[in-house]
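For reference, the chain that follows is the form predicted on its own, supplied as structure tokens.
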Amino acid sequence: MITYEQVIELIYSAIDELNASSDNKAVIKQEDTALYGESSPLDSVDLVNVLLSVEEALEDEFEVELVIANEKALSQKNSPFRTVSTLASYVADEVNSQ
């Protein structure tokens, strides 16, 4: 079992990594921070990097393998990548349903 709060922390760590490697962007660590769409400060490469960092952290810290950007996620009417909160909910649900 993994909690929503644990996933939030993984996402915040991924954001910290992104912010440390980027000269011009500072992504705010809040649950309502947009990760995808017009209001997002991320471009597609940044979003992929965040998702990969979260996947690696899941494997390292919880020994869970999960591909976040899978067919299920990409086919949903409301993207799980919209905000930090929607991503955390999606990841927690996926991990706990394995």
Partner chain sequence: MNEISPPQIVLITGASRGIGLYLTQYYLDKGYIVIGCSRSPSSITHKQYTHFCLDVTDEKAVKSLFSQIRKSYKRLDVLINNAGIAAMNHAMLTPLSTVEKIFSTNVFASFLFCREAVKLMRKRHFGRIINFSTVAVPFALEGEAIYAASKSAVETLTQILAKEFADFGVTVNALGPTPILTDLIKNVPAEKLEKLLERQSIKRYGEMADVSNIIDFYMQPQSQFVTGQVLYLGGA
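Positions refer to the first chain, counted from 1. None of these values were measured; they are calculated from a predicted model.
Unshown form predicted in complex with the partner chain; subsequent notes refer to it.
S.K.: Considering non-hydrogen atoms and a 4.5 Å limit, does the partner chain approach A26 in the model of the complex?
M.R.: A26: no contact with the partner chain in the model of the complex.
S.K.: Is there a non-hydrogen atom of E17 within 4.5 angstroms of a non-hydrogen atom of the partner chain in the model of the complex?
M.R.: Contact check for E17: yes, within 4.5 Å of the partner chain in the model of the complex.
S.K.: Taking 4.5 angstroms as the cut-off for heavy atoms, does S40 touch the partner chain in the model of the complex?
M.R.: S40 lies outside the contact set for the partner chain.
S.K.: Under a 4.5 Å heavy atom criterion, is V48 part of the interface with the partner chain in the model of the complex?
M.R.: Yes - in the model of the complex, heavy atoms of V48 and the partner chain come within 4.5 Å of each other.
S.K.: Establish, in the model of the complex, whether S53, E56 and V67 all lie within 4.5 Å of the partner chain, using non-hydrogen atoms for the distance.
M.R.: Yes, because S53, E56 and V67 each have a heavy atom that approaches the partner chain to within 4.5 Å in the model of the complex.
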